[in-house]
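Next up: just one chain, as structure tokens, the form predicted on its own.
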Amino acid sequence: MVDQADKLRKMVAKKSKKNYRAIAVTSGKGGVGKTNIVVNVAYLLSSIGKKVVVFDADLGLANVDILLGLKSKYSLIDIIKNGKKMKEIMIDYDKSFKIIPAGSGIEEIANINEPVFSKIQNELNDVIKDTDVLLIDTGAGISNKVTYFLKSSDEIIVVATPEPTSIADAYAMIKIMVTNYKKENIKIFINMAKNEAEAETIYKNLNKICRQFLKKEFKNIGYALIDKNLPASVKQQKVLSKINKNSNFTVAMKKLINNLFKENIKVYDNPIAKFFASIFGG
């Protein structure tokens, strides 16, 4: 009997074991480039055979589908109000890259409560069983609708830029995750840096504050330089990593993936391009 009970427990544990990584990309301040990071990482992961789902969790201000030039017939509001299932609202970028659109400019989405979050979580669990990576593009700031997704994630990437307000808000986000929710698996990504030295300085200064007040250090998962190709790709509603495989931003995303997933995506790192990026931003 004991042997049978032990086997049953092992079977249940195996069945309930999660086989995907839930990674939330967030920031304390808006306009730091979270969504561009998410969609480019998702595209590059799908290009090497990973099954990726992007959850646009910037509730009320969602724009992943717009950024990718896609039209979504349904959104999260249809799950909440109209009885739709998560699989019915998902849209495909390609066969390995799917998006869950949240809907933009919808007050009911922007102000949802804990029971609704739980409903969304249950629906989400049903559609990501065969997924390798769930990337959650959160809103900016420290509201409940942001922290709910962060505390439910396996890993958190906090994005900061050289702006002092961005650095201060990034620390505020990290502090809340550590002190209120006991999150440990937090990583830092520096975006829109002028050069590598500036990115490294920002990371060191942010970690210095974390050491001083939180008694913790967090891993540097990478950095991206200012890249004039990025706003051009946004206007075209194209993924930069798809249309310009060797741009500075694409290279940064490939390095991020190699660091985060222990992959070995080939990177053509052009020092001349880096030099001109530091001068002209591209």
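One rule holds for the numbers: they count along the sequence shown, beginning at 1. Since the model is a prediction, treat every value here as computed from it, not as a measurement.
The next section is about a form of this same protein that is not shown, the form predicted together with a small molecule.
- Contact check for Y43: no non-hydrogen atom falls within 4.5 Å of the small molecule in the predicted complex.
- Heavy atoms of L214 never reach within 4.5 Å of the small molecule in the predicted complex, leaving it off the interface.
- Not displayed here, the small molecule is approached by V32 to within 4.5 Å at the level of heavy atoms in the predicted complex.
- Contact annotation: P231 falls within 4.5 Å of the small molecule in the predicted complex, judged by heavy atom distances.
- At a distance of at most 4.5 angstroms from the small molecule in the predicted complex, none of the three residues S47, F97 and S241 contributes a non-hydrogen atom.
- Screening 87-95, 68-76, 185-193, 164-172 for residues having heavy atoms within 4.5 Å of the small molecule in the predicted complex returns a single hit, 185-193.
- Though the small molecule is absent from this view, in the predicted complex it lies within 4.5 Å of a heavy atom of just one residue from I226, V52, A57, L256, which is I226.
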